[in-house]
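One chain comes next, on its own, written out as structure tokens in the form predicted alone.
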Amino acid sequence: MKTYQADLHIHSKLSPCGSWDMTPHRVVERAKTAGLDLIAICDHNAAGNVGAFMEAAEGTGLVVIAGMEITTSEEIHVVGLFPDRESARDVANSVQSTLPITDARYASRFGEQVLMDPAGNILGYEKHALAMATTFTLEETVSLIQDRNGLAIPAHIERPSFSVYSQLGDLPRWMPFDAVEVSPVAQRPIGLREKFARYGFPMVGSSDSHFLHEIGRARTLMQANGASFRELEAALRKEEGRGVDYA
């Protein structure tokens, strides 16, 4: 076993708030420069660019996991990580069925939602309003992810907005989260690890990158036998000496 470095929450330009620089080949190049072994593409309420990123990473040694950042009806952000792009696509279809269609004013207010090929060429634009909250509750969102064999991870739990803690006032210990995510170190309050460790969930670090320079600014340290979804899943469950930490 060895330690693999992962950034499990990276946006592309499919997210309306993502930079135009967040194209498949540029993100892959930046992730490699940052020393990452594994990344997850997690656009808001969508997974339409995941396949392009997987193809862009072929032959580079970087592994790309299919992911998504779902906004629940309580306006809590939950990262879903999936074993394959088909599972992510199925969840995206369910999520987007609850979202309105964009109008002429949407892009000027929130940003473009760009579907790309591996080279970063524009294939089209997502018509659903990805910046909006879905109608799925937190509990329903966790079930939706896990029913597709995914990992459900509440995002940036220490943030004062769009987190479980900010919206509910506490982290529900009875919820079957697979882990909880903390944000980049520059934003972490003193005592964060001690505060959240008492809940008993594994803690992962992710950058929540919307710009290239942010990739890898927070990361998960995964003690495992390889960089893959299955090894990540096993590490979160501490199987046979595996485990995770964050930096």
Partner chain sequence: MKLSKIAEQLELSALWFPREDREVSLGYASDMLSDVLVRAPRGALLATLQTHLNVIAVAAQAGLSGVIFTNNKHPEDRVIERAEIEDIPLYVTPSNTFEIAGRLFAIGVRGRAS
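Remember, predicted model here, so these are calculated numbers, not experimental data. Positions refer to the first chain, counted from 1.
Keep in mind the form predicted together with the partner chain is missing from the figure; the text below concerns it.
For the options Leu138, Ala133, Ala152, Leu115, the residue carrying a heavy atom within 4.5 angstroms of the partner chain in the predicted complex is Ala133. The single contact residue among Gln167, Ser143, Asn121, Ser94, judged by any heavy atom lying within 4.5 Å of the partner chain in the predicted complex, is Gln167. No member of the trio Asp84, Phe201 and Ser228 reaches the partner chain in the predicted complex with any non-hydrogen atom inside 4.5 Å.
Judged by heavy atoms within 4.5 Å of the partner chain in the predicted complex, the contact stretch among the candidates 170-178, 144-152, 85-93, 104-112 is 104-112.
Shown without its partner, the chain has Ser161, Phe162, Gln167 in segment 153-169 as residues with a non-hydrogen atom within 4.5 angstroms of the partner chain in the predicted complex.
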